[in-house]
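Single chain ahead, by itself, as C-alpha cells, in the form predicted alone.
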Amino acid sequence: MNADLMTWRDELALRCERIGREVRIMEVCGTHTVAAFRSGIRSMLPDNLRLISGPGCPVCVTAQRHIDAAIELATLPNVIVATYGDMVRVPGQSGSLERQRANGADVRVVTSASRALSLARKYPDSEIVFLGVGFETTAPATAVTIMDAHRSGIRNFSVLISHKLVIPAMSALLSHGDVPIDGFLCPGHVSVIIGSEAYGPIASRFGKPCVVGGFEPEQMLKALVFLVRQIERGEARIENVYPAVVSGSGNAAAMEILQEVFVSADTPWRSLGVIPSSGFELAPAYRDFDALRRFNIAVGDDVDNPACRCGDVILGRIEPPACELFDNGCTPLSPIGPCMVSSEGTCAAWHKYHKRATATGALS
C-alpha cells in the first residue's frame, strides 16, 4: 500500500471514530461502485463508514416502459435496433432484445451513436433506431449524431430517447426522505460535462456535502476524507478533488450542443417514477428523429417483476444480498433485473467481487 493511500485511510478512520456513529456516503456513479470493489477500497473503510449505491447506473435506471418500447421497435419489419451492449440483455415484459434477436430481429451492438448513424448510411433501405441511454456523459454524443443526421439529410435514422440528468435524480431521492444519506461521492464522468458547481442545490437545499472524485483508489479515499471532514464539522459544501479533469463550470461546448438538440422533459425512472425535468426530448427542429413519434409507439406503464428488488438497490435502501433472487435465480448469466445485467450494476458488482473478497477474508 502506497503512502498516500495509508495517509487517507488513517485520516478517514480517525475522523469516523470521532463522529461516533454510522456514516452513510452514497456513490452516485456505477463506475465508483465497481471501482470500490475492484480496488479493495471497501476493505479499507472504517467499520462505521458505509458506502451505499445510488441511481447512477444508466441501464439500471432506464424505466421498464422504455425497455418494452425498445423491444417493440425491434419486432417491426425492416428495423435495425442499434444499442450499447448492456441493453441487449435487460428483461422486459416480453423477453429482451437478446431474445428478440434470437427470434430473428435485427439487433446490433454498437459502441457509439455515430456507429449507429454509420449503419443508416450503409443500409439506406432499413430504418435504424439507436437507443439513447445514459446521463450527461453520453447525451452530447447522441445530440451531435442527431445534428449530423439532420445536416446530412439522413432520414432512416431515429433515436429512442432515454437520456437522464443526475441532479434531479439526487434531489428526488433526498425528497423521498426514506434513505439516510450523509453525503455524496459525485460522479467523475458526468461532472466533466456539468461541472462541480452543478451540485450546489444538493448542498444548499438539502444540506448534503458533495465531493467530486476520480476512480483511482487514492482519488476515492481522498474524496471520502473530504466528505467526512465536512460531516464532522457540520458543513455542506461542494468540493472537487478531481480538478485535472473536472472544472467548476463543466464543458460549455457540450452543454450548448445539448441545449440545441434537446429540451428538458419529465422523464420516468425505474423505481423513482416520473421526475420533473429530469431528462430530454428532442427540440422541435429535430423531432423527426424521435423513434416513438416516427413509428407511433405508445409508451405504456412500468410493469416490474415484484420479486426483483432492483429498485430498492438503486435507491440505496438495501444491499443486493437482501433480495431473495440475488444469486438465487438471478445471476449475470440469467439476469432477472437490470442491476445484474449492467457492467456498472450494483448487483453485478456484488456478484463478481463481494463473494471473492469474502472468500479471502477481505469483507465481512
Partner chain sequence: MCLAIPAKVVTLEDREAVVELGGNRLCINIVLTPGVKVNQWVLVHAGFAIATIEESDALETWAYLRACYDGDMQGLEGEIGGRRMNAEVSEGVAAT
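Quantities reported herein were computed from a predicted structural model and do not represent experimental measurements. Numbering follows the first chain given and starts at 1.
The next section is about a form of this same protein that is not shown, the form predicted in complex with its partner chain.
> Can you tell me whether residue 94 touches its partner chain? I mean in the model of the complex, with a 4.5 angstroms heavy atom cut-off.
Although its partner chain is absent here, residue 94 would stay clear of it in the model of the complex, with no heavy atoms inside 4.5 Å.
> With a 4.5 Å heavy atom cut-off, would you call residue 137 a contact of its partner chain in the model of the complex?
Residue 137 belongs to the contact set for its partner chain.
> Looking in the model of the complex, any heavy atom of residue 268 within 4.5 Å of its partner chain?
Taking the distances in the model of the complex, the answer for residue 268 is no, it never comes within 4.5 Å of its partner chain.
> Please tell me whether any heavy atom belonging to residue 102 falls inside 4.5 Å of a heavy atom of its partner chain, as the geometry stands in the model of the complex.
No, residue 102 is distant from the partner.
> Taking 4.5 Å between heavy atoms as the contact cutoff, choose which of 73, 211, 128, 190 touches its partner chain in the model of the complex.
Filtering the options by heavy-atom distance leaves 190.
> Looking at 272, 292, 88, 254 here, can you tell me which has any non-hydrogen atom within 4.5 angstroms of its partner chain in the model of the complex?
Here the answer is residue option 254.
> If contact means a heavy atom within 4.5 Å, which one of 175 to 183, 260 to 268, 192 to 200, 225 to 233 is the stretch that engages its partner chain in the model of the complex?
Careful reading of the contacts points to 192 to 200.
> Non-hydrogen atoms within 4.5 angstroms of its partner chain in the model of the complex: do 118, 121 and 144 all have one?
Looking in the model of the complex, the three residues 118, 121 and 144 all sit within 4.5 Å of its partner chain (heavy atoms).
> What residues in 205 to 227 sit within 4.5 Å of its partner chain in the model of the complex, counting heavy atoms only?
Stretch hits, in order: 215, 216, 217.
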